[in-house]
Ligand SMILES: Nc1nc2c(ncn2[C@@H]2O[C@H](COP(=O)(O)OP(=O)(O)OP(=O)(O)O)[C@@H](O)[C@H]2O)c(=O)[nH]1
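Let's start with one chain on its own, the form predicted alone, as structure tokens.
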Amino acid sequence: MGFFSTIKRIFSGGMAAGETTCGAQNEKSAPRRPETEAGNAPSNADAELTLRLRGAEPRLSAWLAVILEGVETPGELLNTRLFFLLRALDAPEKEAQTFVREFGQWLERMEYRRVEEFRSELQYRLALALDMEDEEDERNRLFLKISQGLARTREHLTRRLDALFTDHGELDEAFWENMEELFITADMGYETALALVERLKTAARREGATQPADVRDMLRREVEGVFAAPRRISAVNPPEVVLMVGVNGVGKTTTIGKLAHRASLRGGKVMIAAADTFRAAAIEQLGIWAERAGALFHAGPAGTEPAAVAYAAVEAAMREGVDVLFVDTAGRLQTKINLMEELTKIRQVLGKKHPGAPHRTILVIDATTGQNALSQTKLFKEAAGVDELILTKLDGTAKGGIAIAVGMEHSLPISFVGLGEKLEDLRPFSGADYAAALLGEARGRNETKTPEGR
């Protein structure tokens, strides 16, 4: 939506003194009173709402709290308040109406009946549309979500870490051996545990550390460093083609729907293609997710050659002026040879129709599978040339340490983590926040950039 960049500047207080937007001066970066029809004076309710918005702390959550006060269910009052907020931020009338209408349609599809069920989603949609996920308020919400998701892993790991630091008076060999054992039981795996301990030993010698307590901060920094994403060229000739791979049951279909949802909320025209043609149920489910995300959908009859579906999808995406095309693939692992041949053929036809495609290949892995995620990553790297990972089902697992193992062993960035079932629960991954949440510390200051933030 065209007004979002302007709104972001208003939210962030980024307009210069005296600078105007839509002909109105931006006073203290606060919402302005919406114009009334035919010059009529605003109602008492509108005037009061305007004053309260202007007096609220200039944060998305604070303004949302104002307009949602007294709103309990979807309906005319919610629509009126949302429209009022957008107009108060100088949103063009038609675009504000579009935002409100599309959110209302989504509420109907999801059958939400109370504000508590969708409030977080509404803030998430506004933050995405306004490109405000890096705002402090949103960063804190994300860290809380990650911290909650890692609760079981942290409970297992930090308790034993605390005991390790307390029980040992010096950095002797017994200390390092016990740390290796601790990492292995946290589902990091033998090789990763040894490598991480070696890194810590090197850091301890370099910094002259002698006490176990000194290792805690080193551990946080080492974990952060595992997820440092390399810079890369992000520019593509549209449509950007994203190939999605992963075994059945990891949440790949759901993840595609959530990625499409994010891309749509950022103003992109999105298409999902069902190249997993061997399961009719998978095609149907993906179509449902496309509808929820507001994306176009391309599929062939069950049993169609997957590469043919992918080729036709690119043709359709180019014809429709699509910005991002997500291509789903089968997750069958009966034989490694068949998997590699199928993915190789899909990649070839994508590149033939659209040079440079696929521009990204994303592997979806399930955090609850523990060490199996390592072998899956190895297999798909060989078969499909994986560029990045998405880790699903991180909430509620005691095996959250697998993220460190995958990052260290395969040197692949994790772009997103799944922290629940809702559309909003697929969130950008931050190495700094992960390390802090895993070790029970305050949110990291030096956020690791994700591939989407490149």
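Keep in mind that what you see is a predicted model, and the values were worked out from it rather than measured. Don't overthink the numbering: it's just position in the shown sequence, from 1.
What comes next is about the form predicted in complex with the ligand, which is not displayed.
Student: Would you mind picking the one in 249, 321, 301, 355 that has a heavy atom within 4.5 Å of the ligand in the predicted bound form?
Tutor: The residue from 249, 321, 301, 355 that makes the contact is 249.
Student: In the predicted bound form, which of the listed residues (158, 371, 178, 285) lies with a heavy atom within 4.5 Å of the ligand?
Tutor: Answer to the contact question: 285.
Student: Given the stretches 276-284, 218-226, 375-383, 259-267, which is the single one in contact with the ligand in the predicted bound form, using a heavy atom cutoff of 4.5 Å?
Tutor: Looking at the partner contacts, the answer comes out as 276-284.
Student: May I ask you to state whether residue 58 is within 4.5 Å of the ligand in the predicted bound form, using heavy atom distances?
Tutor: Taking the distances in the predicted bound form, the answer for residue 58 is no, it never comes within 4.5 Å of the ligand.
Student: Heavy atoms within 4.5 Å of the ligand in the predicted bound form: does residue 389 have any?
Tutor: Because no heavy atom of residue 389 falls inside 4.5 Å of the ligand in the predicted bound form, the answer is no.
Student: Would you check, heavy atoms only and a 4.5 Å threshold, whether residue 393 touches the ligand in the predicted bound form?
Tutor: Contact with the ligand, yes.
Student: In the predicted bound form, is there a heavy atom of the ligand that lies within 4.5 Å of any heavy atom of residue 418, even though the partner is absent here?
Tutor: Result yes; residue 418 sits at the interface with the ligand in the predicted bound form.
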